[in-house]
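Before any questions on how it binds or moves, here is one chain, the form predicted alone, in structure tokens.
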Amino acid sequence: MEKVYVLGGAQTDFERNWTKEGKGVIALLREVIEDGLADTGITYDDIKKLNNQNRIACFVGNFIGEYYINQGHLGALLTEVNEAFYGVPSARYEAACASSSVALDAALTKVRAGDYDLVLVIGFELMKTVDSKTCADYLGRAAFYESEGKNIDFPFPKLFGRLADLTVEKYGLDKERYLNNLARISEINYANASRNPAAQTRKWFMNYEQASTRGTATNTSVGGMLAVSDCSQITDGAVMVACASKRFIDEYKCGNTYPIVKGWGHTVAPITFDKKIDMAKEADCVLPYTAKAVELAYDKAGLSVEDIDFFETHDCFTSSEYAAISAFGITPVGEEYKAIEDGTISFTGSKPINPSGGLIGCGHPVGASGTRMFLDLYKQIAGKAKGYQLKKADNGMMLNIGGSATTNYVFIVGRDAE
């Protein structure tokens, strides 16, 4: 199969509220695409040329634009960005919070198969078009809506609160110690976001004391053990990533210094959390299908956790990042607390998680989160993570989940050995 090279891309500033700016989806898409093209050196004329040769396609990830912006047929919106996209194959892909990872998967597969030489992947979501309660109801459709979302206020904090309960029970953890470790996860992600010039919370304040004091006016409880400090953000944003074949690299004299996609994994667990609980009783870990997706990616890459220098994970809630620590293989299951307490996952640790700030710190525009993590893998490996660059970043792994860890996507990006 063809190698897939990551050329670069762009992320909008996740702090922005596009509705308040009086701007809509076309402005959002135009900005991220033009910034992405500028970063990669690709022009609209290049897109026209490659399209005439049937060598380019676009893949759009979005969860629920039909609700947030009253718009479907989202792949076709690119034709409103620039006429260069007339005739270019493009379509929208959806898998809840893993929507743009599905788009990435399809795009990378097309390059590996030799169908296209250049693919543009765009993930986006405009979420601040509605109030927070309505937004939470829309997001409830990422679960099994009839039983887990309908007529339930803020359903996802409750679902991931249940993940916290399951983790404490299955591993026999001390509840207070577990909650303190969730607070440390929050503190780390906010601190990391403060270095990231595109992070939503880069100007926010969150320390361990505030994160560990739940049920207060400044840290309201939202679901079971979880409080506001444990939650990712409601975010407007878009990300574009460009990937290419060796043929494109050679033809456009790009050189061979670009990172490549080394491994990938994709699994789907039962959609309801009740069934996940039943499954966890028989499994070694709380999220076995998440761990399986990681295992698949390691196998395809021929790598292990020892080879991975950093991780971007789907911390929609601190309880999901906690579970990801052992899924990545950083610790054995049930011992995730060790990597938190000894600093392993901190920015200066041996296995940093979410140097970008993650979903909690950087932001979570649902349809863009997969592409954002993927772009951050590229930035670290290419030495372009301005303000939050790690000292060692040869290989990175990302985990993007949809729903309550129902759809699980993992990608490994790293330096090309050749």
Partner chain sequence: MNDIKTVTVIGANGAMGSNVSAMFASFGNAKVYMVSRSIEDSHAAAEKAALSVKAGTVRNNLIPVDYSSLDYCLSVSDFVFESVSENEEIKKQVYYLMHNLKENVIISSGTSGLSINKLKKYLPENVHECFFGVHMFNPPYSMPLCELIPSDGASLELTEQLSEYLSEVLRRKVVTVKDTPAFLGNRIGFHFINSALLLAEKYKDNGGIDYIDAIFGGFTGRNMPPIVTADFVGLDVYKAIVDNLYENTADYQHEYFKTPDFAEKLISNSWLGRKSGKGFYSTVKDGETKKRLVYDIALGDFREIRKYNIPFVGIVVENLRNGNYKAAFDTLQSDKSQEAQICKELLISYVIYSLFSARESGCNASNADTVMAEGFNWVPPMALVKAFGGKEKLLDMIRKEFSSSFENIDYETLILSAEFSDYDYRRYLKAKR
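None of the values given here were measured: they were computed from a predicted structure. Residue numbers count along the first chain shown, from 1.
Keep in mind that the form predicted together with the partner chain is not shown, yet the notes after this line are about it.
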field: Residues Glu251, Gly263 and Asn408 all lining the partner chain in the predicted complex, heavy atom within 4.5 Å
entry: no
- line: Of Phe154, Phe347, Trp204, Tyr171, the only residue with a heavy atom within 4.5 Å of the partner chain in the predicted complex is Trp204
message: Exactly one residue in Asp299, Glu209, Asp284, Glu176 has a non-hydrogen atom within 4.5 Å of the partner chain in the predicted complex; which is it?
response: Glu209
task: Look up in the predicted complex whether Asp39 has a non-hydrogen atom within 4.5 angstroms of the partner chain, and give yes or no.
output: no
- request: Verify the contact flag for Arg30: yes if a non-hydrogen atom of it lies within 4.5 Å of a non-hydrogen atom of the partner chain in the predicted complex, no if not.
  value: yes
- prompt: Can you check whether Thr218 is within 4.5 Å of the partner chain in the predicted complex, heavy atom basis?
  reply: yes
- prompt: Hey, in the predicted complex, is Thr79 touching the partner chain, heavy atoms inside 4.5 Å?
  reply: no
message: Counting any heavy atom within 4.5 Å as contact, can you tell me which stretch out of 124 to 132, 288 to 296, 196 to 204, 159 to 167 lines the partner chain in the predicted complex?
response: 196 to 204
task: Would you mind checking 17 to 48 for residues with a heavy atom within 4.5 Å of the partner chain in the predicted complex?
output: Thr19, Lys20, Glu21, Gly22, Lys23, Gly24, Ile26, Ala27, Arg30, Glu31, Asp35
